[in-house]
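Next up is one chain by itself, shown in structure tokens, the form predicted alone.
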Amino acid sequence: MTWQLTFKVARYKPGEPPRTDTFQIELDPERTILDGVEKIWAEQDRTLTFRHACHHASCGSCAIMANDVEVLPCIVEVNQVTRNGGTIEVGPLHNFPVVSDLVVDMGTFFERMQQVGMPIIGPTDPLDNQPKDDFHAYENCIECGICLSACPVVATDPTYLGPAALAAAYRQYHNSDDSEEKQRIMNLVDRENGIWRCHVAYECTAACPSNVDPAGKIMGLRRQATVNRVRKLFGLKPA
């Protein structure tokens, strides 16, 4: 069984005004949104620009908007966003400069990750006494950028470190035995454009496809920063 689907695709090429192109395709309802985009590229428009790699939610490179929701299109079936056929609107992630069509510039994302000393999340040992589930949840970060796209603060403040970098900072802070490194990280995040800029909307956590819970990590940093401030008042070293 196949469905008749209408894909409305946001288009942008440097030097040209943005537009929306409409494509009609037939697709099995259990195929993914990425399958639909690839079908459009293969059969109707070779100029369509998009990213993909692993096709199973391991790399994060294909993240886009689908019907105004951040998704990894490689794992979201068309029947999850429309019923009995219909229209699927796809476009680039929010809050990133658009390079071409569905491709955005991730440079700022990785610059912020580098600031906290974790440009790419890699394998590491769990922290002492860290619940196994929490360890695996955080290490599942795939750098897709979805949390920044969903964040209302990122949309209004280009100086905000953002949920991904702050979640990485949480991991780095609690994984370090170096007091100077811990202080460096806390100095970086305990500021107006860091943990205190978050509006606690939890949109980043709701959108994260890997259950990293960046909002929860930001709240953890806030608690730590508060403890450190209280300890300083009493002449004690940071915890």
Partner chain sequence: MAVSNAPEGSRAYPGQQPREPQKRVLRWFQPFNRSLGTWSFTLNRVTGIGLVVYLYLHLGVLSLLLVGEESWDTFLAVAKSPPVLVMDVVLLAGLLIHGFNGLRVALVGSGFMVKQQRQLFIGMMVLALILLVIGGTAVFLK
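Numbering follows the first chain given and starts at 1. Bear in mind that the values here come from a model prediction, so they are computed numbers and not experimental data.
A second form of this protein, the form predicted in complex with its partner chain, is not displayed here; the remarks below concern that form.
The shortest heavy atom separation between residue 79 and its partner chain in the predicted bound form exceeds 4.5 Å. In the predicted bound form, no heavy atom of residue 23 sits within 4.5 Å of its partner chain. Taking the partner from elsewhere, residue 87 is found to have every heavy atom lying beyond 4.5 Å of its partner chain in the predicted bound form. The closest heavy atom approach of residue 153 to its partner chain in the predicted bound form falls within 4.5 Å. In sequence order, 12, 14, 18 are the residues of 1-22 having a heavy atom within 4.5 Å of its partner chain in the predicted bound form; the partner itself is omitted from this view.
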